[in-house]
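Listed next as structure tokens is one chain, alone, in the form predicted on its own.
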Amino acid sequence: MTGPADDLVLEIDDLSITFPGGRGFLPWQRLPDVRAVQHVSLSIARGDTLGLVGESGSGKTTIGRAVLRFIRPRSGRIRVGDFDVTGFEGSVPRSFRRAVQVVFQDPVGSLNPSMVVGDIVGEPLRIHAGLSGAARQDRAGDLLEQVGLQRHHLNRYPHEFSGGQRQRIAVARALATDPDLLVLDEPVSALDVSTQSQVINLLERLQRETSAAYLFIAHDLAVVRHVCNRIAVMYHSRIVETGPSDGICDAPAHPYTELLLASIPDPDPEVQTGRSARRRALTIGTAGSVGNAPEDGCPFADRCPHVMDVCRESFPEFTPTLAGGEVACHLHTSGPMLGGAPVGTLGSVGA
């Protein structure tokens, strides 16, 4: 849960990000600008994990890149601790790079194949802590042991490790600066299921030890529920629902959230049959994340079975839900009953 204001590590206020449109078929044609993120507000307290979940193209990774100051937003504000990220001019302060680190989805692409692990993990120690020689190697060995590897691994190259071990190396490198915030961009989606659970357990243990805040970006609600205190559901540039993890997964308030939950496979044939039927009932169109997001109106309108005229005219205000979160849906601002369920819960799709 979000803590008091003075304990917030990350604050995002009314963030919007637009990318310039490309060239059309004809030389003089220019495609419209792409609205990747629209009016997003989020916060994470120290020691907490916020799961930012949505399908490909929703804009969740773009938010993570903006937090890391890899891209500039069109408008809005991002604060990490005492740093006003959107106010940086020119080069980014080295102290900010110490405070915010990232673990990418693909450990193969994020680790330099020509460097041994000791140099990969030791590089931030040299740049930010000024360590060199034996002191740097000793600290790098400590970090490897912290993530479940051994000191003799320092002299090996990334290709000599499994996918899960490479991701542990990436985590060790991120921890080298003792960051306040870790941006985890799909950190387990490239791993097999058994390795996923090992890395997730590792991240949870490290958070207890360091009290770092996590922004956990993913598309799998089942994983996000296990890892995160709170969840923000994103669809086609907009946050459509936020709330406690269990509350969102047990009582989804937005039709898109329910669709995501109905898409999670289950080994029980009866549960899976029910989810498949619910998924078909919740989808009347095709995925809307291809192309530009609407500036006005709900981006899920063309896929929603409950769509009303107002859904295409204006984006709804956030409304409190019975599960303790907020939802942006005209079904709730209009106050209807859905299938006998009270406002604030569309109903569970199965455990």
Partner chain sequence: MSAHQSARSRFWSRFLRNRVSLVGGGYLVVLVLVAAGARFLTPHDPNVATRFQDFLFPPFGEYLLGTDLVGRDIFTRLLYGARYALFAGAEAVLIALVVGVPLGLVIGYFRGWVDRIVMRFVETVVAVPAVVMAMAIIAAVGTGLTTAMFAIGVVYSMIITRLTRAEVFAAREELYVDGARAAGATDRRIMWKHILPNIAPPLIVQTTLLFAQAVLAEAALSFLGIGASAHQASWGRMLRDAQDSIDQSFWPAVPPGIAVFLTVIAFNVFGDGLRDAFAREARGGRVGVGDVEAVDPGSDPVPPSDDALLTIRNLSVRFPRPGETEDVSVVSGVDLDIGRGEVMALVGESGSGKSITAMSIMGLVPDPGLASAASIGLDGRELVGLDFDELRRIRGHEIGVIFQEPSAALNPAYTVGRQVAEPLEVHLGMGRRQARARVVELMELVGIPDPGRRIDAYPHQFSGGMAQRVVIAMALACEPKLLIADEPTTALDVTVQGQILDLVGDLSRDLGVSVLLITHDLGVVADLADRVAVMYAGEIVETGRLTEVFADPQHPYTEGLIRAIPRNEARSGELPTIPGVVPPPWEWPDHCHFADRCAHAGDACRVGPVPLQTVGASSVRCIRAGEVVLRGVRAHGGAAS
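Remember, predicted model here, so these are calculated numbers, not experimental data. Numbering follows the first chain given and starts at 1.
What follows is about the form predicted together with its partner chain, which we do not show.
Contact annotation for the candidate site: Ser110, Ile127 and Asp192 all lie close to its partner chain in the predicted bound form (heavy atom within 4.5 Å). Remark: of stretches 241 to 249, 209 to 217, 72 to 80, 140 to 148, the one touching its partner chain in the predicted bound form is 241 to 249 (heavy atom within 4.5 Å). Only one of Leu259, Leu175, Leu131, Leu181 comes within 4.5 Å of its partner chain in the predicted bound form through a heavy atom, and that residue is Leu259. Among residues of the shown chain, Arg275 is one whose heavy atoms approach its partner chain to within 4.5 Å in the predicted bound form. At the 4.5 Å threshold, heavy atoms of Asp84 stay clear of its partner chain in the predicted bound form, well away from it. Taking non-hydrogen atoms only, Glu326 never approaches its partner chain to within 4.5 angstroms in the predicted bound form. Put simply, Arg303 is close to its partner chain in the predicted bound form: some heavy atom of it is within 4.5 Å.
Taking its partner chain as it sits in the predicted bound form, the stretch 82 to 111 comes within 4.5 angstroms of it through a non-hydrogen atom at Arg97, Val100, Gln101, Val102, Phe104, Asp106, Gly109, Ser110, Leu111.
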